[in-house]
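Heads up, the chain below is alone and in the form predicted alone; it's given as structure tokens.
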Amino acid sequence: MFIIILMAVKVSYLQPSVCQWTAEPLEYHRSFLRENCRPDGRELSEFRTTTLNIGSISTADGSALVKVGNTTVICGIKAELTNPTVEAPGKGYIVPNVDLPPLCSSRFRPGPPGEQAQAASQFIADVIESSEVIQTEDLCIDRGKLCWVLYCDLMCLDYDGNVLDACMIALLAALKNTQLPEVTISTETSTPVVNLEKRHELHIHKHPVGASFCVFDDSILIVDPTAEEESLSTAELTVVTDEKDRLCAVHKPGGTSLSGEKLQECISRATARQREIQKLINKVIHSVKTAQ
């Protein structure tokens, strides 16, 4: 209780007037940044509280619900049998799709996917391929004839910035929660026979986790930005690493340039974040298995 009171006093001391926040939101944020903190009380390098729930969708083959602060993303994975592509007869494939509907924020409009949703879907697809989170050969059942396709639908339920990090966590947790039924090929009819009673988990080869950053005034670096911080920043950056500290992806959609020193700082923070999230996912999965 004593610590909470001290924190409240600190924030109220730094809090500018409401009029200043309304008329000059950038100056409002700068007044906090000068004190090495942010309007929500976090330090510049501090992530918001992250919570995870898996198995949220009973009709999906795997699912997870993630909250990073107020940003909420749910991921459902549906597996279907299909024919392999001609280019990769010994592989299955994964199809991610990110949905940013109007219900998650007033900035999004009804209709076809907007530019941000399309960019997010492509980013997730690139990370899946570059990180090798799943070997697509594992999804092949009968070379050139039958394979699994995993449809990974990610929907944002509440948008308050940093949706890419939330999507990556939700996808990874949902993949680790996915169980595929046993499939055999009938020798008599040469058709697939699906045994829903026998299921097996996916083999997750890598555990990619993203860490997003924003730059203020071309020099001040903050992690896990809120929606308002994103809108006021001069640059955004997302770094994806795996459990072996391997750099899987760097996503920087324009904005001002970053020095090598700042980029290295982002990579270092991203590797620490990866360990935190993987530990969280493993803990939740262990809790679910123990409860069953």
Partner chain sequence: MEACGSSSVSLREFGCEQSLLSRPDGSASFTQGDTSVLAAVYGPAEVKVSKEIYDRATLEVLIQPKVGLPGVRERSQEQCVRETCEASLLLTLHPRSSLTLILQVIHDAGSLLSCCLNAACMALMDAGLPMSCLFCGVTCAIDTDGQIITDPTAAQEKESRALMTFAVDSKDRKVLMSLTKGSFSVHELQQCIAVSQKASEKIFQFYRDSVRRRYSKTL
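Residue numbers count along the first chain shown, from 1. Given the structure is predicted, the values throughout are model-derived calculations rather than measurements.
In what follows, reference is made to the form predicted together with the partner chain, a form of this protein that is not presented.
Undergrad: If the cut-off is 4.5 angstroms on heavy atoms, which of these, 36, 59, 49, 264, is the one near the partner chain in the predicted bound form?
TA: Flagged contact: 264.
Undergrad: Tell me, which of 31, 70, 256, 45 has a heavy atom within 4.5 angstroms of the partner chain in the predicted bound form?
TA: Selected residue: 256.
Undergrad: Given a 4.5 Å cut-off on heavy atoms, tell me which of 146-154, 77-85, 124-132, 166-174 is the interface stretch with the partner chain in the predicted bound form.
TA: Residues of 124-132 come within 4.5 Å of the partner.
Undergrad: Any of the heavy atoms of residue 194 lying within 4.5 Å of the partner chain in the predicted bound form?
TA: Answer no; every heavy atom of residue 194 is more than 4.5 Å from the partner chain in the predicted bound form.
Undergrad: Give a yes/no on whether residue 95 approaches the partner chain to within 4.5 Å in the predicted bound form, heavy atoms considered.
TA: Outside the cut-off, so no.
Undergrad: If we define contact as a non-hydrogen atom of the residue within 4.5 angstroms of the partner, is residue 250 a contact of the partner chain in the predicted bound form?
TA: It does: once the partner chain is placed as it appears in the predicted bound form, residue 250 has a heavy atom within 4.5 Å of it.
Undergrad: Can you work out whether residue 179 and the partner chain are in contact in the predicted bound form, taking contact to mean some heavy atom pair no more than 4.5 Å apart?
TA: Outside the cut-off, so no.
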